[in-house]
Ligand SMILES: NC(=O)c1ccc[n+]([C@@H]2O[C@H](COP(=O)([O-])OP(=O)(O)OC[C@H]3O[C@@H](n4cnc5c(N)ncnc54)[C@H](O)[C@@H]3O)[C@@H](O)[C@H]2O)c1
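Form predicted on its own, single chain, as structure tokens, below.
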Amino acid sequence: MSLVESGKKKIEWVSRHMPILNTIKKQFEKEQPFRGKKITICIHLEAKTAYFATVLKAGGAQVVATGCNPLSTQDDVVEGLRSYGVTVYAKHSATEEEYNNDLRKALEQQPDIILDDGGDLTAIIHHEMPELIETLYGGTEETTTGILRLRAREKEGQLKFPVISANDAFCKYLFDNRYGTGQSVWDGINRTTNLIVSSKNVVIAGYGWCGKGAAMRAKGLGGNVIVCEVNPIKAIEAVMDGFRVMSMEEASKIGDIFVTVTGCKDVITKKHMENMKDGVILANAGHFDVEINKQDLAAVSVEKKTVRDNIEAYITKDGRHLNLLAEGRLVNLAAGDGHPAEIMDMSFSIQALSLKYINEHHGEMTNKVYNVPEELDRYVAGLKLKTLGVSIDRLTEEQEHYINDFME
């Protein structure tokens, strides 16, 4: 019971800071867009996502939830969410086998629509449970890593149901990826290490929207920011934003704190670890724990020990400590509470409306990755401005005519 009450308090707290989702919840309660439908969501199970699940339930859905990362699941939130009538298959620190079994159990409910975060549900449906495809309307995908996997599948003609990329909505990546990741990554690192950022060389691997946010916040904390990139255009952007840009091989010799935010694997490997200073902090903010090669960390070390909650020190033969945070998993969720509620208010509102769109339009959709309809993006942006007490101008009829009509 103590877990239930703790979880409910967390859910109730964030609900008071998510006004857009509250507006949508009222609409859903009235319209019941998901009446009789089953929705399975695979997502980081913390307070904000739990509240989002209750919004879908308010719209008439039978909601089943499972985690998309074993270390980001909060057990008290799971129990709190169950008390709201949502079926949950997840627990903190689940083994790989337990984690995958939970995903399968969530899918055994035969959902009409899925919400995925990282692509694990989609992979299981395609490879292990293809019988679900026949009645599946489609799904949404929350994060960059999942979209990369989906687009690769689509390119090969192997995507078997339509998916809306919530990740690519303006109201998601411009704010969630940049400001949400930027703040929550450093919340997680600072809470875990209790060390200063100011004066240190901070290496950000990847200068997408998440990397931009992490770099911006590191600069604000007084860090000397170095960006590592493989894309020449993004590298130029980082230079013009005032950051040093160099290869990871160069950066590995001078970095104090490393944050990987690429969505790729083997960003930091043995050759980099062999160059690193004693006491470096290694943190990952990409979806999977493959950006910092943990096998290589073990190979360069003679001992591994837990030196603080969520910090494992890999001790090399020459006595250097390479400190890995949160087992190389998402540092902002595995070692923190994730993005701020006000940021996720926008992202989950996009998700809720995208799920509603699939429910209403799946018959017109083909097996490809869709962008969020622009009108949904603008609707959420308008609600956000309203909650901020901000008003903006409108085009007059003459202005509309001027910019939209062909003029000789």
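A residue's number is simply how far along the shown sequence it sits, counting from 1. Because the structure is predicted, anything quoted here is derived from the model rather than measured.
Note that the form predicted in complex with the ligand isn't included here; everything after this is about it.
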- Query: Would residue 229 count as a contact of the ligand in the model of the complex, using a 4.5 angstroms cut-off between non-hydrogen atoms?
  - Reply: yes
- Answer with yes or no whether residue 302 is in contact with the ligand in the model of the complex, where contact means some heavy atom within 4.5 Å. no
- Task: Mark residue 215 yes when one of its heavy atoms lies within 4.5 Å of a heavy atom of the ligand in the model of the complex, and no otherwise.
- Result: no
- Query: Looking in the model of the complex, any heavy atom of residue 145 within 4.5 Å of the ligand?
  - Reply: yes
- Message: Partner absent here, but in the model of the complex, which of 274-282, 304-312, 84-92, 333-341 has residues with a heavy atom within 4.5 Å of the ligand?
- Response: 333-341
- Query: Looking at 80, 119, 206, 255, which is the one with a non-hydrogen atom within 4.5 Å of the ligand in the model of the complex?
  - Reply: 206
- Which residues within 151-183 place at least one heavy atom within 4.5 Å of the ligand in the model of the complex? 172, 176, 177, 181
